[in-house]
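Taking the form predicted alone, here's one chain by itself in structure tokens.
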């Protein structure tokens, strides 16, 4: 097996996002949950290892990422990609900076880039500042994220607080001048002792120029937006044939359900759309969980008869002010852990009730659900919306899964997901 690209993603929905982009761009890709312990298919161009390291302690995130890197090196990967969220989800302590530092050290490289831009999903970078839609990251709904509130839009500043390396900027004027100008700027930055460069990007054209300039970098750190350009590079140098990598997924017939843990504004709108269309919904109250009430059992008892008539949605999604009240009452970490554990147990119960088609909203929730269901790998299928494909679990008793980052997807995402799966 010759694998060209080895990817490490810091959460499960981000891994699926990247894997879907690679498949769309023509790379035969497999996504593994955690560092693999079983043989991989022979016909693979890229491996994406999904970790749950975005919000884990820094030491754990670094150790897990190095273990993934070691596996990918042994698999023969020639270039490595550290994938994080397009909204740069992290804290002042990490984990993006510390993981990048350690990956650079392990690979013996003195320079890399940081570019979470994903213009197709309206995440752009200008003068080092990250925008969501038309507002700065710090003015977007991400400032209320319960685990990684992003209150600073200046990515150079954010990353500098996390990294031991010196962080610089390649601004849009350089990017707009093309790949050679970007390479020249990289060389000047390295001569000035700068090891990591945040790179502006406001369009897909910019991403193609950036990825072309990075063709020789051992390590790239980015969102999923650069993936298309990476495949173009590999095809341009003749190591990746012109091919379609889209896979027809095995048909799963069974009951359908949605689990919502994200409290992002996008997921709130999607949940409201599903409820308005008549999808039965059940709210998971963290306060009742903390009181020891039989919330999981009650939710499953509620769902069982309704699953016979179509999809149901079980959700902990709530407006930011309500989430803050829960956090103030229970503590941020305890509230998050209670909800994750409950939704994971509910996912197990739904599968026992015959659910084989499952949509999960939220990166942390997706990680908890996939772990609870003991899923080791995913076959990647068609995209529902940019960055969110349908997948099917590997192994016996396959389950169709759509793992959605909280911020991704159109308002009618859940409706479109079922429509696409049933085509």
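Positions refer to the first chain, counted from 1. What you see is a predicted model, and the numbers here were worked out from it, not measured in a lab.
There is another form of the same protein, the form predicted together with ligand ADP; it is not shown, and what comes next is about it.
- The stretch from 76-84, 296-304, 339-347, 200-208 that comes within 4.5 Å of ligand ADP in the predicted complex, counting heavy atoms only, is 339-347.
- Each of 286, 323 and 326 is positioned with at least one heavy atom within 4.5 Å of ligand ADP in the predicted complex.
- Remark: residue 145 counts among the residues lining ligand ADP in the predicted complex, judged by a heavy atom distance of 4.5 Å or less.
- Within this chain, residue 64 is remote from the site of ligand ADP in the predicted complex, having no heavy atom within 4.5 Å.
- Ligand ADP in the predicted complex comes within 4.5 Å of no heavy atom belonging to residue 100.
- Residue 225 falls outside the set of residues with a heavy atom inside 4.5 Å of ligand ADP in the predicted complex.
- Exactly one listed residue, out of 113, 72, 318, 170, brings a non-hydrogen atom to within 4.5 Å of ligand ADP in the predicted complex: 318.
- Residues 261, 262, 263, 264 of 252-275 are found to place at least one heavy atom within 4.5 Å of ligand ADP in the predicted complex.
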